[in-house]
Structure formats: C-alpha cells, structure tokens
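Just the one chain here, laid out as structure tokens, in the form predicted alone.
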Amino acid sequence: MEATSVPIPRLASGFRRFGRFILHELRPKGKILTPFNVITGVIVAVGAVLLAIRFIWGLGSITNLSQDVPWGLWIGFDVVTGVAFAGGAYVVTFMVYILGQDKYHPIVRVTVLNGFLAYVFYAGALLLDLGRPWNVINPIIGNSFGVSSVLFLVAWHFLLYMVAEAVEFSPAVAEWLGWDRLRKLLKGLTVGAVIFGITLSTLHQSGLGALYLMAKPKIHPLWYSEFIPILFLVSSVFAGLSMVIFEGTITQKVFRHRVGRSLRASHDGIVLGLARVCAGTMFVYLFLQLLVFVHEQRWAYLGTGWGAWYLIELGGFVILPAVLFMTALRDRNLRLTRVAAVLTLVGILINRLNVSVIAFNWYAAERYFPTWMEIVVTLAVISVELWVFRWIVNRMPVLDFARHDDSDELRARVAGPPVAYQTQE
C-alpha cells in the first residue's frame, strides 16, 4: 500500500501545477482595449447574436439562401475559397520535408498552424450552412454514408487532413508544455503525417472542384470545364503561397517580438523563393486556362459582359501578378512581391466566387446576393480565427523555435538509408 500511495501526492501536485500553468497562459498578454480588439469584439458579438437567430429560426432568418440557391457566401468563401488560401501548408511541408528545401524550414510551423486553423474554422463554418447541422457526422459514423457523393470524400479528406496537421503541429504544443519525451515521440510521427497530409491535400483541393462537375447546366460556360478539379489543385499552390507571403508580412510586424533569429535572417530569401514558385505555377495555370478556353471553343462569349468579366479575372489577377512576381524576382523587390501576392489572393477569391456564386445560376432572373448578416458572420469567424492564432503565437514556439534536426531526420526516413546530420540551434 505504501509503495502504491507514494506517487499519488506527486500526481496531484503535478495536476495542480499544470492547472496553474494553463490558467496563467489563458490570461491576456498586452493591452485589451486596442483598435483591433474593439473592432473584432463588436463583430464577434454581433455575429454570435446572428448565429443564435439562425439556429433558432433557421437559415432563412438571416440569409438569402433558398431551394434554388442552397450554397451561398458561407460555402463560396468560407470553404471553397478558404481551403485554397490554406494550401500553403501542404506546399511548404512538401518543399521542406520531401524536397529538402531547408531555407523554408523557419516558416513550417506558422504555415501549418495557419492551415490547421483555417480548416478547423472553415470546416466548422459548414455547420452554419447545414439545415440540420447534427447530420454533419453521418459520413463518419456510417449513418447514411452517402458513398456515391463527392461530399463523402471531401468530408473524410477534411477530417483526416485536420488530424494530420494537428500531428504535424503537435511538437510545438509539447515544447510549450515542457514535455520533451512526448515531443520526441510526436516528431517520430511527423513524417507519416506530412506524407499523409500532402496526399489528402491533393485529393480534396481537386475534390472541391469535382463538386461542381455535377453543376454543368448551372455554371456559366466560361467557368465550367471538366478540368475544374485540376485547375482548383494548381491554383491552390500559388493561392496558398501568396497567403503565406501576405501573412508573413503582417506577422513580421505584429509579432516581431516573437520572431526568431533564423526566420528574421532568412525572411527575404523565403519570400523571393515563394514568389518564384508562385510565378511558375501561375504560368502553368494560365496555360491550362487557355487550353480549356480553346478546347471548349468559348470565343463567342468574349463579346458579352461575362466575357469582359472573365478577361478581367484572367488578365488582371493571373497574368498581371505573374508578371509582377517575375519582375520582383529580377529586381529582388519585396514590396512588389507583396503587391503581387495580394492581387493573386483577390484573383483566387474572384475565381472561386465566380464558380460557386457569381456565375452560378447566371441565367436566373433573380440572383443571389448575401445579406449583411451573412457577411458579418463570415467576418466573425475570421475574427475568432485571428484571436486563436494570436493566442498560440504569443505562447508557443511557432516563430521563434530553434531549428532542430527535424527536416534531416524526416528526409532520411523517406529516402531510406540513414544519413549523418548535425543539430543546429
């Protein structure tokens, strides 16, 4: 009895210390009444009231959705566009852990964190759009699997990818908690999570495009094509990396006290390297768009208003930013790179909304337009996501972590034979 009772006080003491640590970490750091906090606080408060109305009186109480237009802003932006913006996670982890591009290692954790939070919040936004949100778990538990639907695949891809990203980011959580043994264990799982996550990303990025293959009569011919899944996949590469450039610029200023020496020293080279990848994939995307345009014989539509809108999307938000990326690379101009990244993000937003909202039911006499309440709820979701991101970055080793031997060790496991490496701090 004595031998078994000795650890109990230690265990209780450990739980108390852990509880005090968590309570301490939950406290706000810095000023509370800042312009950002006030503005987002109001948005979140109004959004919470609107969501209460939505769940009590139904979708029609705050949205313009109907039987003819069941998918609106919450799907077109929160999910279809948001998932493309989160594509940087699978691209960066592929470059670092599979291709061995070590210079991007300092941004791995923050990119994975951004991707994970985006999937959690944007997948969570699906619950807002479902008439019976409790049915969202049906594909998982086997109640009306719906295996004949593309949504069945998308649901599983979303779930599994969020798990994979959680595993990829888990070493940072273990370091924050001071659990070194667990961190080493979780590091050993990272290689599998990275490969699994990359595979899932290529599937669900294209899978979102595959959803619209079944809506051929409803999408304007300038935006419909059998190549939509491929176009969605390719565009997610430069969309995700442009978001990394955009967020990295803000992070360097807002969280400069948390940015480590490694990231600070390599930031410019990282941005230019990402710009090079963006430019290359954008020219691939442009070639595919032109191929589809010629193959589908869309010339007759160019003389219409829809044709002008199509040319604006392609010329102003694909060709122009691609040229700007190339110019920025030649001149090593970081400011121009950021401008190109912003234009690219706007272009992805326009393209995804064209497919899912603007050019959807384009022939209808009464068109869907989101209510101000739908917009506020979307802004509230983004605001809460930013709060969570700020809380994690201010506490966990995301931007200031020492460069461990993760990348070398993971590549060694992927390649097979062991390699010699040195730990760099």
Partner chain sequence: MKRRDLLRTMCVAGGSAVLGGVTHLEAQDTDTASGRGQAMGVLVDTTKCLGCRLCEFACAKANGLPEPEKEIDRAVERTPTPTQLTVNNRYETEQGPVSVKRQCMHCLRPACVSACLTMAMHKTPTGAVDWDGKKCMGCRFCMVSCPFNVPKFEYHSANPKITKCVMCVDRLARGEEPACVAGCPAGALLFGRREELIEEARKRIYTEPGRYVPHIYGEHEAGGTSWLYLAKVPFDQLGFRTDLGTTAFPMYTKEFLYSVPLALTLVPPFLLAVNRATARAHHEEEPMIEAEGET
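Quick caveat, the model's predicted, so the values are computed rather than measured. Residue numbers count along the first chain shown, from 1.
Below, we turn to the form predicted in complex with its partner chain, even though it does not appear here.
Trainee: Work out which of L334, L213, V120, I350 lies within 4.5 Å of its partner chain in the model of the complex, going by heavy atoms.
Mentor: Filtering the options by heavy-atom distance leaves L213.
Trainee: May I ask you to choose, among L159, L302, V342, V136, the residue with a heavy atom within 4.5 Å of its partner chain in the model of the complex?
Mentor: It is V136.
Trainee: Go through 200-208, 293-301, 312-320, 253-261 and give me the stretch that gets within 4.5 Å of its partner chain in the model of the complex, heavy atoms only.
Mentor: Comparing against its partner chain in the model of the complex, the contact stretch is 200-208.
Trainee: When you measure heavy atoms, are S13, I22 and F116 every one within 4.5 angstroms of its partner chain in the model of the complex?
Mentor: Spot residues vs its partner chain: no contact at all.
Trainee: Taking its partner chain as it sits in the model of the complex, is V277 in contact with it (heavy atom to heavy atom, 4.5 Å or less)?
Mentor: It does not: once its partner chain is placed as it appears in the model of the complex, V277 has no heavy atom within 4.5 Å of it.
Trainee: Evaluate I56 for contact with its partner chain in the model of the complex, applying a 4.5 angstroms cut-off between non-hydrogen atoms, and reply yes or no.
Mentor: Heavy-atom contact with its partner chain at 4.5 Å: present for I56.
Trainee: Using heavy atoms and a 4.5 Å limit, would one call R132 a contact residue for its partner chain in the model of the complex?
Mentor: R132 belongs to the contact set for its partner chain.
Trainee: Although its partner chain is absent from this view, report whether N37 comes within 4.5 Å of it in the model of the complex, heavy atoms only.
Mentor: Output for N37 is no: heavy atoms all beyond 4.5 Å of its partner chain.
Trainee: Of 37-69, which residues get within 4.5 Å of its partner chain in the model of the complex if you count heavy atoms?
Mentor: In sequence order, F55, I56, W57, G58, L59, G60, S61, L65, S66, Q67, D68, V69 come within 4.5 Å of the partner.
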